[in-house]
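In the structure tokens that follow, a single protein chain appears in two forms: structure 1, then structure 2.
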Structure 1
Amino acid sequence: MAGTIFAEKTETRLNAAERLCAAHGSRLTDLRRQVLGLVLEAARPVGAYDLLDGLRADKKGAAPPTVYRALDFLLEEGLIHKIERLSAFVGCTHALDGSHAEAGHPHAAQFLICTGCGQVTELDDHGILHALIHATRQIGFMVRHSTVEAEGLCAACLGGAAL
């Protein structure tokens, strides 16, 4: 897998992922690194079987459990997000670019899913998270993780139409 070459920006993010894993006492293996690289380079959220196809370019014997184990690790480390609505994955650029929420606070992941072109945009709006935390505290619930998925049309698909 050493033969896989990613774009410079992806390599920078992969190096950041290695440092984050090491800080957590875990290891970004070559396989996990390749899966993360494929997720990061995908133009849109990518499914597990698409990742498997990408892996098979370098590793002919790759099987679904291989991809799912790598994805589970990457999710646990906070390096990727699963878009439940699409059963697909995107890289957590906030974690990999160093703008992740501070320690001890849940990551405020919100995704805008364009039903026109399929583009997914990640927001990290702490106002939404704080509103959720406030509302849930009133009923005695503590938020540890939150993902909001909103469907609509992106600016390009709206074509400049008034909101």
Structure 2
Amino acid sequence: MAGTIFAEKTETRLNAAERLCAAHGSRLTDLRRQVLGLVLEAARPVGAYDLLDGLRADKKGAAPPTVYRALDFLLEEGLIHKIERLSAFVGCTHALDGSHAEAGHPHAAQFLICTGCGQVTELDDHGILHALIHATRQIGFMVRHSTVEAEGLCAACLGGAAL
């Protein structure tokens, strides 16, 4: 058993994740828990190979498939998201911090990437989703999954220096 090397807040979220998995009959194993913990503790999106480095603190010989398999699982469970523009991963705030009903399953979300500080904010805006559904229905396209990523400057970075 690997384990409790994370901050208390992270452990709380990991426990929530574990319950979500149990609720759909999947298992948040030690390895998956550790990868999720590494994602959650990062202030910013983390790349797969950064996670691999993190893993290697515990498991010396870890290799890429180890981390990619854990990431695939966490994506399936809706516990993390991939930011395509960054080839990097973030924890799902919707699933782990809120107490939303349908948490723990993949869901549509939007991501705001600040080019100033690197932070990513997850939105769950129905207006955007509806606009997308509406526009696509007009041409007979049926959306199964959507990726919405906006790059720009967050409120903090706008207030502070540039501009």
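Counting starts at 1 and follows the sequence of structure 1. Just so it is clear, the structure is predicted and the values come from calculations on it, not from any experiment. Here, rigid core means the biggest group of C-alpha atoms that superpose within 1.5 Å across both forms.
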_Can you tell which of the two structures I gave is the form predicted together with a further copy of the same chain?_
2
*asked:* Using a rigid core superposition, assess whether Thr10 undergoes a CA shift of 2 Å or more between the two structures.
replied: no
_Core-superposed comparison between the two structures, Leu153 Cα displacement 2 Å or beyond_ = no
_Core-superposed C-alpha of Ala23 shifting 2 Å or more between the two structures_ = no
*Cα shift of Arg144 between the two structures after core superposition, in Å?*
4.0
